[in-house]
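Two separate entries follow, structure 1 and structure 2, each one form of the same protein chain as structure tokens.
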Structure 1
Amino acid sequence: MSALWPTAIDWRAPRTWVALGTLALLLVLPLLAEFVSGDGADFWVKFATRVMIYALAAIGLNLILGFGGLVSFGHAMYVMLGSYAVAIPTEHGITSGWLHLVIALAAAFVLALVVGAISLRTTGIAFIMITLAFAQMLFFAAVSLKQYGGDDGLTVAARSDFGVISIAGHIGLYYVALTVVLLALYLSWRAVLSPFGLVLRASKANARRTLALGHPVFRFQLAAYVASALLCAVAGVLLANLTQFASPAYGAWTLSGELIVVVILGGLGTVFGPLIGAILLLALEEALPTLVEALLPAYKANWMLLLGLFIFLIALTLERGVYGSLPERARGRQQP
């Protein structure tokens, strides 16, 4: 058996092809969409951007969930926070994207530090419930922001202004989102293999022993928690720009649940898994309504029933996720 985290990439392994193939497709996606569906291309580019945003948030969540073994059921709150970091300043005439980004990161940093420090005092099931409860608290806080639309949310008049990097067009935004995802993938890959990542993964594998060796596990978990929140906040900034909207709904607990599904579906604790998971889940959410409409038109609105069953089944059966099940070494090759 090979190690879960190879330092050297095996260029002939199925995982490597899938990862590289996916990246290649993503790089040319707007061209492909133009070629295949012409006028309908916008739809696909926007869809792909949404996939990138989910992937980014899930890459963040994976840091704490996949590598740290801590089930946060509240990460959507950081996405929501990021979206308001665009919407509220824009409402006041502040359009600089860099400023939006700084606000989002600063706010998420502070919130994650506080929520993380309290939640990490507990473990296991209590941690799940507490993160869920905190996310709910922020959700209600957003609902009660009547001056910023409350329940109805807040529209964003124009996309953030990032100077030379224009995201005014859908394709521009897509490539920015893709670039951020690639950066996040690279960053989490490096971090996971680093001494920091070693301690973090060890705290998942055996927290008791890691502590007994002399590692202050709590601090590592908190750092990972904050880092994961920051990535989710960036996802929120992108989301607000994609939809030109910010809303408490972005912090709904169902979204936190979906992010967990994305991570599991792709493969818990694999670096690339969240991207694959995001593609699969959003594709499914796109396909299911169409499928149900074709087969049982009367029940088109109830396609979520199938999604619910699907999630139930993957929890029951999918141990390592789709990407995680792919061999990471070519057949017959040993770990170097």
Structure 2
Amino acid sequence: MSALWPTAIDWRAPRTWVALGTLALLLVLPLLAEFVSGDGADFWVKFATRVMIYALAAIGLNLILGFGGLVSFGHAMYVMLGSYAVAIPTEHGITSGWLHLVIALAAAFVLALVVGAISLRTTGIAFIMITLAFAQMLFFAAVSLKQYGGDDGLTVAARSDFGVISIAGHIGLYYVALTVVLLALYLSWRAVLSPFGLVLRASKANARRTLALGHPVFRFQLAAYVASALLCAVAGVLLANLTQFASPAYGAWTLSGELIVVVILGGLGTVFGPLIGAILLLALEEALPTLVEALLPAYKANWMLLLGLFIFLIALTLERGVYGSLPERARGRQQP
């Protein structure tokens, strides 16, 4: 595996420079927000934290969608599960962040193992519908929890306590979220270049041939599905701490759809694409309403038409997504 580092990255390639520039900007964002916005810095830090949370969930989804070719329409349920792993214990006076994280990971592991073992017996539309069905069941189960707010959701009285790692402030939470995203990107990159990742990508191209070569495709796909669910659960833990709220809406099929859009917009099957996709989608959702209201006040309620048009144009002109369409090798350099 040590030989993968010099052959996997071309430091002169446009894709590499975009990734490095994005990471550099994210590292100094709180300072930049303070310098540019002053009193409005908190808004931008919270917005950037939400971008990191979406990116983390999308990195998880990308593991099975981008590299495994499995379209899950129910991954938002793991985000919701992670948020309730924070809200419900906190409601009973348990504020330990490490315990919240353990509960979220354990619950997501068990649920993903069951859902994956069932849904992965199918392919195509059947797989999509089964994942959606499980997500809807969990959504209505959360709605039925009247003692925990039901469909009104549940307020988180205090953020998780991780001891020396403080997320009480917005900047602390942002840097924790950024660190988790960077770790997820690294682990995703290593996984994709490992034998596990090679089999996963081979199963996307031709599952029958991969199985005929002696690889246990089902076990590899199940492992990828569970891993992706765990990342979404961690995103849910962070989301509950950001909003200080947990809601069944976090598990709605619309959020699963948004995560799919994030992955495709950034670059399906690229390690860094989900982060770029999350930045683009959430930035557009934040900027377009204001832009439409300023330029076309009569159409301010229809700003999502412009968002849909932008996504349509990206899909039409950049088949591999915004980041995925960038060259990964410097001009004149051959693929090793």
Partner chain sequence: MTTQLALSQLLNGLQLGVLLFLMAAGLTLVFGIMSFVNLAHGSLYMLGAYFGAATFANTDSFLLALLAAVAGAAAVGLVLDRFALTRLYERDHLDQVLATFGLILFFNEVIRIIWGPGSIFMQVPEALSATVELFGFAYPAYRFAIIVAGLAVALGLYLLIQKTRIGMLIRAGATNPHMVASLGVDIKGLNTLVFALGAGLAGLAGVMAGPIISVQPGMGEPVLILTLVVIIIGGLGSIRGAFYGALIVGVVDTLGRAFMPTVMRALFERNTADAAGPALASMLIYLLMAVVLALRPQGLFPAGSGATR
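Take the two forms, find the largest set of C-alpha atoms that superpose within 1.5 Å, and that set is the rigid core. Numbers follow structure 1, counted from its first residue as 1. Keep in mind that what you see is a predicted model, and the values were worked out from it rather than measured.
Engineer: With each form of the chain shown alone, which structure should be assigned as the form predicted in complex with the partner chain?
Structural biologist: Between the two, the form predicted in complex with the partner chain is shown as structure 1, not structure 2.
Engineer: Taking the rigid core as the reference frame, tell me whether L318 has a CA displacement of 2 angstroms or more between structures 1 and 2.
Structural biologist: Yes, because once the rigid core is superposed, the C-alpha of L318 moves 2 Å or more between structures 1 and 2.
Engineer: So with the rigid core superposed, the C-alpha of L296 shifts by how many Å between structures 1 and 2?
Structural biologist: A shift of 2.9 Å at the C-alpha.
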